[in-house]
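Quick setup: one chain, the form predicted alone, written in structure tokens, and binding and motion questions come after.
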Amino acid sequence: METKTDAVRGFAETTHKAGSWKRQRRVVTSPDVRTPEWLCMPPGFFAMVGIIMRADIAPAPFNRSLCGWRVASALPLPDLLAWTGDGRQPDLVIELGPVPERLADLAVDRPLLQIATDGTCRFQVPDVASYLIDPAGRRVIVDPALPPEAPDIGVFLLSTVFGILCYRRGLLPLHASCVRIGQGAAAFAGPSGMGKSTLAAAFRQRGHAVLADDVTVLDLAAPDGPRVWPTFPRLKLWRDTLVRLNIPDAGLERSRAMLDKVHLPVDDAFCAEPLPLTAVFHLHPLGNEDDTPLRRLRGPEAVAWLGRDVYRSGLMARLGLSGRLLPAVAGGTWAVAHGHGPGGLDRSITRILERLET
């Protein structure tokens, strides 16, 4: 059975031998490689990518699992579990190849983001990579500026680009981490630095499986109410958080080269099955001891908090999508005054569990 380490090592050796991804296609061979099928592409897509020569596209030999999708990827993506499902065609194909500097017929033209009128998106992170996303959210071409094995490339692929894929597929991504509590999923939402991953890590230490970190994907069209799709079997944590939670940091890899943040694998405590959304807890800083620690949100106020914590909400608007009202969930939506001082983490956990048990 292939392990994450094997995958990364094999990929690094392959790209090293090839010298560059542009020659990788001639050296990567695998009997498991499947030629991606271009199905259900909207009109205009092939015209847009006509400038891309298929001979320059590297194949996608790694099979991974994300949100229940089978992902065929040219990048090893060790953050994701290996695909163990059926032999279906890939739901998402990620390839290495050239990405044009400009798209035709632009509807949105921003410094880092271009969106064509047919829905094709081009997202760029300077000195890291450019990403081309098809209108249906089924194919991504990555044009690296760094060596393809650089973790920064995967970080943006599994954050902003992943957000675009969710919107294109009719899913709602929340800026939230998520754990299993009882038979459902509880999401901890908030802007960066609010303590979402730390809270999820603390719940994991208390025996609760993790479904998502930083991006929680909701299927609002599920027949029995909103469901959470599992995403990444890891938590991104600062090193001082590891110290605070008494988690050894030996062997943990940085999430990005310039950040002192590491990936903590949670394969042994990962819930790989979709679960009904039980509750959403919107985190905000504890101002003073008089703050109401946990407050139920209803009506327009609940909509406003949800709008704050939709993942890349500006991106959603540029894609021509409007805000949505989260359907009612059994445990409700709450504003949580979350303190980072001594005892703050334990107090938040206790209050959340009390609300879900009543």
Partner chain sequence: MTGFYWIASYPKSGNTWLRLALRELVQPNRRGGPRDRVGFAATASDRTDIEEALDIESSDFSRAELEALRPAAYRAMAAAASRPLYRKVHDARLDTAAGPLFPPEVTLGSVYVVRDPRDVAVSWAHFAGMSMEAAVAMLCDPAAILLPSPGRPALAVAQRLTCWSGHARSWLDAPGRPCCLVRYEDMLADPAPVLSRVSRYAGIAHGAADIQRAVEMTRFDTLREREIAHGFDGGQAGTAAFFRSGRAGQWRTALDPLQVARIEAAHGEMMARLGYARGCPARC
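Residue numbers count along the first chain shown, from 1. A quick note: this is a predicted structure, and the numbers were derived from the prediction, not measured.
Not pictured, yet referred to below: the form predicted together with its partner chain.
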item	value
Stretch in contact in the predicted bound form with its partner chain, which is absent here, among 266-274, 122-130, 201-209, 81-89 (heavy atoms within 4.5 Å)	122-130
Residue among Leu242, Ala222, Ala107, Leu113 with a heavy atom within 4.5 Å of its partner chain in the predicted bound form	Leu113
Contact assignment for its partner chain in the predicted bound form, among Gly170, Gly251, Pro191, Pro147, heavy atom within 4.5 Å	Pro191
All of Gly184, Thr333 and Arg355 with a heavy atom within 4.5 Å of its partner chain in the predicted bound form	no
Any non-hydrogen atom of Cys67 within 4.5 angstroms of its partner chain in the predicted bound form	no
Touches its partner chain in the predicted bound form: Gly343 (any heavy atom, 4.5 Å)	no
Touches its partner chain in the predicted bound form: Ile247 (any heavy atom, 4.5 Å)	no
Its partner chain contact in the predicted bound form: Arg318, any heavy atom under 4.5 Å	yes
Residues of stretch 145-177 in contact with its partner chain in the predicted bound form (4.5 Å, non-hydrogen atom)	Val155, Phe156, Ser159, Thr160, His175
